[in-house]
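Okay, here we've got a single chain as structure tokens, the form predicted alone, with questions on binding and movement later.
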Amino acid sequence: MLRDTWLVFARVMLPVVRNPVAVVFGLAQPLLYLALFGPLLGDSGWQWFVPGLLVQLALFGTAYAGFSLLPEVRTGVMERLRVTPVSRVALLVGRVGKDVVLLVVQGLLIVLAAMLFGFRASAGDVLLGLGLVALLGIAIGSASYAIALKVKLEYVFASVLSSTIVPLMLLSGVLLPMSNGPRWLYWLSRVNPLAHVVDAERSIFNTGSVLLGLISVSALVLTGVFYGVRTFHRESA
């Protein structure tokens, strides 16, 4: 399975290495938030805003990963892979691995850019923060590929994403503190596991407990990977 995973990873990573345009465009939106929204929070707001921006990068960067699978489904590539001995788990893990590598690289570039604006973090904090973001990317990316394999159509997949990703982001407190809103909105955000991941990410770069966030992201990883592996097995049967 490890050999198959590496082969799948190399296959999907090679086009990105040859033409890293996707990496550059993936940074466009976070950099705009960093330059145009971050300064509105004041000089002390960077320590609060940048960790949330990293979670937002993971959310949008990996949620749309499933789009890359749809052309292979439509052209019959996935159909031909069913008759090969390649591991079904490797088909998922190799793809998710590529997305996580890109996510970590983009996250590191965002952190370096944020330091130019006044964000401060030790090397250890950056590693821990990127590690938490990578775990979230594994969870969301796995689910994204599974959903894409289920729906098989771009317009259906886009509808699923638009109806789930935006509410999850708004209820996570990525951009503004949920405590500033009405109490019902705050308690509604507490049901969102992504909100606890955001809190943990901020705690890494500041002070606070990361336990609830680690529990939340661990549950998301287990759920996302299980759903992804199960879907790839069923659709390849």
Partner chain sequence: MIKARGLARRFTTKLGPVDAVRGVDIDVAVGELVGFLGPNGAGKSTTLRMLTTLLQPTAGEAVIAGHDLLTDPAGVRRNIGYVGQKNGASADQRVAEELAFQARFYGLGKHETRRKVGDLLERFELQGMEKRAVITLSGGQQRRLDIAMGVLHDPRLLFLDEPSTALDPQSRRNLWDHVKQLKADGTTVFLTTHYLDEADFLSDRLLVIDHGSIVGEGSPDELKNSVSGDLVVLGTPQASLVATKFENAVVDGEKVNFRIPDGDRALPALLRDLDQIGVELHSVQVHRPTLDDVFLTMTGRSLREEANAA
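Positions refer to the first chain, counted from 1. What you are looking at is a predicted structure, and each value in this text was computed from that prediction instead of being measured.
This next part talks about the form predicted together with its partner chain, which is not shown.
Novice: Among 72-80, 136-144, 162-170, 108-116, mark the stretch whose residues have heavy atoms within 4.5 Å of its partner chain in the model of the complex.
Specialist: Correct option: 72-80.
Novice: Exactly one residue in 86, 102, 151, 128 has a non-hydrogen atom within 4.5 Å of its partner chain in the model of the complex; which is it?
Specialist: Checked against the cut-off, the match is 86.
Novice: Which of 24, 222, 215, 14 has a heavy atom within 4.5 Å of its partner chain in the model of the complex?
Specialist: Of 24, 222, 215, 14, the residue with a heavy atom within 4.5 Å of its partner chain in the model of the complex is 14.
Novice: Would residue 1 count as a contact of its partner chain in the model of the complex, using a 4.5 angstroms cut-off between non-hydrogen atoms?
Specialist: Although its partner chain is absent here, residue 1 would stay clear of it in the model of the complex, with no heavy atoms inside 4.5 Å.
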